[in-house]
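Structure 1 and structure 2, given next as C-alpha cells, are two forms of the same protein chain, each shown alone.
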Structure 1
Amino acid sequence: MKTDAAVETSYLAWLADLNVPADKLLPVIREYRTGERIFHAAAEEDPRLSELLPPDVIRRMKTTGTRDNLRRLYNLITEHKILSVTAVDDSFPPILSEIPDPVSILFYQGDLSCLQHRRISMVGSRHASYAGLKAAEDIARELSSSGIVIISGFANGIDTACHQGCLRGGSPTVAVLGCGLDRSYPTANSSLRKQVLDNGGLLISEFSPGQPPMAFHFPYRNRIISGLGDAVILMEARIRSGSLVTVSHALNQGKEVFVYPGDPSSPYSEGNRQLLREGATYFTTARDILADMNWLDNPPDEVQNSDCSVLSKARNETETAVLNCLLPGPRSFDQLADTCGLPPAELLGILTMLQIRGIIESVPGKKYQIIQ
C-alpha cells in the first residue's frame, strides 16, 4: 500500500469515528474532497466548515484530531492493508450515495471492481435450519456460476453459506462487515475471509479500523448490503430476524425482493411466510431469479401442448414439473416426491404456493390435484 493512501485513509478513519450522520457528512466531503483537507479545516477553524457542521462536531474534531490518535489509526490501516473510498471518488458505488440513508465513506480490503458486475444480495438468519443452509449455498453457487456476484453480511449461518456457495460457483463474493476491517469477526470465518480475498472478492465496512462489532452496527450496515445488490434474496428468517431489516431497507431503496418459501411448517421460515403473504416475489431456484431479472442468455421456450392453459400458470421450471406430474390425476405427496425427484421441503413449498394461487387443491386421501 502506498504511504499517501494510508495517510488519507487515516484521516478518513478519524472522520468516520466522529459518527456524523452521512447526510451531514456528504456536503463536507463534497466541499473539501479529502479527509486531510477536512482535518486541516477543523484545526484552522475554517468558517466554511462551521457552516456545514454544528459546533459540537467541530469541537469533537479538535479533541480527537491528535497526533497519537492518527498514528494509532495509521498503524491499524498499514498492518491490515485497509483502503478507503468516499462518495466523491469515481470508484465509489454511486447507489450508496443515493439511497435514503446514504453512505459517505467506505473502508475495504480486496477488489472494488467486482461491484461492477451483476450483483445479488442474499440474507438470512444466523440460527438457520440445515435445509435453509443447504438451499442458500446451492442457490448462491448456481447464481455465481452464471457470473453473479453474491453480497452478504459475513455472519454465521445463512450469510456464511451464501459466501461459500458463491466461491464454489466461481464468482467473487462481497462481505459487508459490522465492525472495523482489522477485527476478525466472526472468528469462525477467519479462513473464509482469506478465501474471499484470494478469489478476487471484497470485504467492506462503513466502520473505521478499531471499531468492535457492536449490536447496533448490524441493522445499520444492512442498508449497505441491500444497497449494493441489484436485488435482494431472503433465504430463511424468523419474524424478529435482523434479515427482515435488510428487506425493509431494500423496499425503501426500491429494490426487488425475492423470498424463498422454505418449509411451510418450520419456525425458521416464519418471516418468509409473512413476506410472501404480503406479496413478495416467490422463487425456488436460481433460474427463477435469473429469469425475473432478465439475466437469462437463453430464456426457456414457451410450453406448447394441449395442457398449456394449466402449465402456463407455472412461474418456473420446477412448478411446471410438479404440474406435469399432476396432469394424469390426483397424486399423494410421496408419489409426487418420487416422480418429480424434488427434496421434500422444496416440494412442500411449491405445493403450498400452487394452492395459494388456486392452481391445485388437496383432496381426500391426502392427495393433490389440479383444479379443473
Structure 2
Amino acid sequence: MKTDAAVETSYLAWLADLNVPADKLLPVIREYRTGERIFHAAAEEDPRLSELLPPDVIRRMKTTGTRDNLRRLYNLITEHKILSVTAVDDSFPPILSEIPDPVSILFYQGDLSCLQHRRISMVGSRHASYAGLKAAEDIARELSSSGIVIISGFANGIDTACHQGCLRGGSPTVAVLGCGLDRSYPTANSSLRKQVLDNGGLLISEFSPGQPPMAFHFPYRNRIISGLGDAVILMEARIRSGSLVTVSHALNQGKEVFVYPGDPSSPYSEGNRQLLREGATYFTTARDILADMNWLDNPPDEVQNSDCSVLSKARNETETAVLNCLLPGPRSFDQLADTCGLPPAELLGILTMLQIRGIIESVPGKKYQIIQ
C-alpha cells in the first residue's frame, strides 16, 4: 500500500468525521479534489473554503485537525489496509452521487472493480426463520453462479446467508457496513470477512475508521445497499424491519424491487406480505429475477429438482407416501404421522432412511423438509 494513499485516506477520514451533509461537502471536494488540499485550505483559512462551508464547520475543522487525531486515523488506516475513493474519482460508483442524499466519500477494503458486474442487492432481517435463511442462501448462490454480484449489509441473519450463498456460487460479494472498516462487527462474521476479501469481494462503508456501529448508521447505510444494486430483493422482513427502509430507498432511487413471498403463515415475512399486497413484484426462484432483468443470457446452475424426481428416489410405497406429504413444504412429525397414518416408531425409521440418503432434512421445531 502506498503511503501517500494512506495519508490521503486519513485526511478524508478526518473530513468524513465532520458529518457535513453531502450537498455541502460535494462542492468542496469538486473544488479542491483531495482531502489533503482541503485540510491545508482549512489550516490557512482559505476564503474560498469559508464561502462553501458554514463557519461552525470551519471551526470544527480546526479543532479536530490536530496531529494526534490524524495520526490515530493514519494508524487505523494502515493497520487495516483501508482505501478510500471520493465522488470526483473515476472509480467512484457513479450511481452513489446521483441518489438523493448522495455519498461523497467511501472507504473500502478489497476490489472496487467487482462493482462493474451485474449486481443485485439482497436484504432481510437479522432475526430470520430457518426457511428464510435457507432460501436466501440458495437464491444468492444461484444468482452468483450466473455471474451476479450480491450486495448485502453484512449483518447477522439473512445478510450473512446472502453473502455466504454468493461466495458458494463463485461470484464476489459486496458488504456495506454500518461502522468503520476497522471494526469487527458483527463479531460472529469475522471469518466471513476474510472470505469476502479472499474471493475478490469488497467491504465498503461511508463511516470513517474508528466509528462504532451506532444504531442510526444502519438505516442510513441502507441507501448505499439499494443504490449499488441494479435491483433489490427482499427476502424476509417483519412489519417494522430495517429491510423495509432499504426497500423504500430502492423505490426512491427508481430501482426494481423483488419480494420473496415466504410462508404465508410465518410471522417473519409480514413485511413481505404487506409489500406484495401493495403491488410489489414477487419472485420465487433466481430464474424469475434473471428473466425480469433480461439477464437470461447466462442462466444459473439450478439444481434439477422437480417434484417427480424427488418421488422417484423413494424405494417403497411408504417412502413415497412420506415424500408426498412433504412436497408442499416443511411438515411437523405429528402432521406426517396423521397424514401418512404410520405408527411413530415406523415413521421415525423411514425419516432416518430418507435423511441418510440426503433426500430430506430435519429443521428446528421437529419439522422435516425435502432438500431442494
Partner chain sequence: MSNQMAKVLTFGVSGVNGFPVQTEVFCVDGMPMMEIIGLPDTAVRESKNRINAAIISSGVKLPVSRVTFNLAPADIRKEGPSFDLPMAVGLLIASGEVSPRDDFDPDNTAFFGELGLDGCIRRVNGVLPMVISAKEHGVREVILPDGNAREAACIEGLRVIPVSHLREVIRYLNGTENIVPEEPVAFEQLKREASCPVDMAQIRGQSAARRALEVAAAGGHNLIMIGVPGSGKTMLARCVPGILPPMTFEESLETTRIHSISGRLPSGSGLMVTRPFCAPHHSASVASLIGGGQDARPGEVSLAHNGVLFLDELPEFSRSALEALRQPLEDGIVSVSRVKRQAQYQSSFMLIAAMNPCPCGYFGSSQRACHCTPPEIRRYLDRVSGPLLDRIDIQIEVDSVPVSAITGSAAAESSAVVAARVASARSVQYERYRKSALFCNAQLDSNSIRRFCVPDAEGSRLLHAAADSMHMSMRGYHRVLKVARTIADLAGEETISSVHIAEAVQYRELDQKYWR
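Rigid core (definition): largest C-alpha set, two forms, superposition within 1.5 Å. If you're wondering where the values come from, they're calculated on a predicted model, not measured in any experiment. Quick note, the numbers are simply positions in structure 1, starting from 1.
Only structure 1 of the pair represents the form predicted on its own. After superposition on the rigid core, the Cα of P47 moves by less than 2 Å between structure 1 and structure 2. Relative to the superposed core, I29 shifts its CA atom by less than 2 Å between structure 1 and structure 2.
With the core held fixed, L326 shows a CA shift of 2 Å or greater between structure 1 and structure 2.
In the core-superposed comparison between structure 1 and structure 2, the CA atom of G365 travels 27.7 Å.
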